[in-house]
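Next up is one chain by itself, shown in structure tokens, the form predicted alone.
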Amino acid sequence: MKLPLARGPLSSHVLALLEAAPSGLPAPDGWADEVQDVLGDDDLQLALWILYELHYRGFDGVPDHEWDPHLIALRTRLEQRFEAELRQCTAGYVEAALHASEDLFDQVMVVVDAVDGPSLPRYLQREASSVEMLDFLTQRSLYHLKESDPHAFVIPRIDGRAKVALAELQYDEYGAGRPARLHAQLFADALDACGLDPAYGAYVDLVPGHTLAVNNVMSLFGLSRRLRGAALGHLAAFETTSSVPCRRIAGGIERLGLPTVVAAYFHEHVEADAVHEQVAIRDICGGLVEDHPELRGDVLFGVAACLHLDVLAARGLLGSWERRREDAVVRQVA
């Protein structure tokens, strides 16, 4: 994968570090504290995404700096701002869920029902143009081309019922033993059928900060043993809110007459994720909380963080399409 283009001083600094000895370019004091909109800042979220990708596929021509202590320290400073902002934004949802019930399934559903925002899948189903649908697919490619990988980091960090259930769910996500059925491969096939680039990370330069944050939060949780509860809560939220939206997105794809392989990817998730919802909440998260009651709050934090960031990304994408339509009307009038 090629290195992305810088979007400001933070990502420029990270890119410079990757091209030199990381210890040779210390970051100035307070450099991350100056960012105001942590969850949507293009520069900060891109810098964090680049640092996380060193733990996945890496970058063409870049030395193996995965565990360089200077880069890890840099990543930690960004993560602290990211996590603190997420906890502040979602604390109300977590507290409400904890007071609403003592049952974990009910608590998760309280958060799911409380986090509200525009329905991107409904818009894609009924109104989106072909250009908008393809834009959506490019935005989603950043995650779907490494689908489930962040959550896989959690497997060695848990035990018992939760471990077995997570491995079972991941087996499905990874194609149930068939490389051609890897969900990441299915999405790559869908991109290719639309004439889009199926290469891993191909569209990172087109992805805004809020969408980068949607991806970064999974790495934040998955790469930290301390946040294993949040990682599994994130997985539960993703599975719980996937089935119906996937059916709507598939309907929009079929309405637009895109290749059948594109809709097939989303149809694959309609039934599978309806089953995975129960496994993720009751067996994976339930098993974890049963063994570690102190992680209940973090599980709910993971649920709320996933949904909150999805809402922000959806608002951003729908807003960009609305501005594009308004600009088109202005050009026609002129």
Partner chain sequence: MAPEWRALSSTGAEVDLEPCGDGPVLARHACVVVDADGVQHPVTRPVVALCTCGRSQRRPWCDSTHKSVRRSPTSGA
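All of these numbers come straight from a predicted model, not from anything done at the bench. Positions refer to the first chain, counted from 1.
There is another form of the same protein, the form predicted in complex with its partner chain; it is not shown, and what comes next is about it.
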query = With the partner absent here, would C89, V94 and V214 each sit within 4.5 Å of its partner chain in the model of the complex, counting heavy atoms only?
reply = no
query = For S243, is any heavy atom within 4.5 Å of its partner chain in the model of the complex, or not?
reply = yes
request  = Consider V279 of the chain shown here, and say whether it contacts its partner chain in the model of the complex, taking contact as heavy atoms within 4.5 Å.
outcome  = yes
task = Determine whether any heavy atom of H267 comes within 4.5 Å of a heavy atom of its partner chain in the model of the complex, and answer yes or no.
result = yes
ask   = Using heavy atoms and a 4.5 Å limit, would one call E34 a contact residue for its partner chain in the model of the complex?
value = no
ask   = Which single stretch, out of 214-222, 150-158, 113-121, 79-87, brings residue heavy atoms within 4.5 Å of its partner chain in the model of the complex?
value = 113-121
Sole residue of D42, D68, D283, D291 within 4.5 Å of its partner chain in the model of the complex, by heavy atom = D283
note = Checking D172, D197, D135, D189 against its partner chain in the model of the complex, the residue with a non-hydrogen atom inside 4.5 angstroms turns out to be D172
ask   = What residues of 155-188, in sequence order, lie within 4.5 Å of its partner chain in the model of the complex by heavy atom?
value = E168, Y171, D172, A176, R178
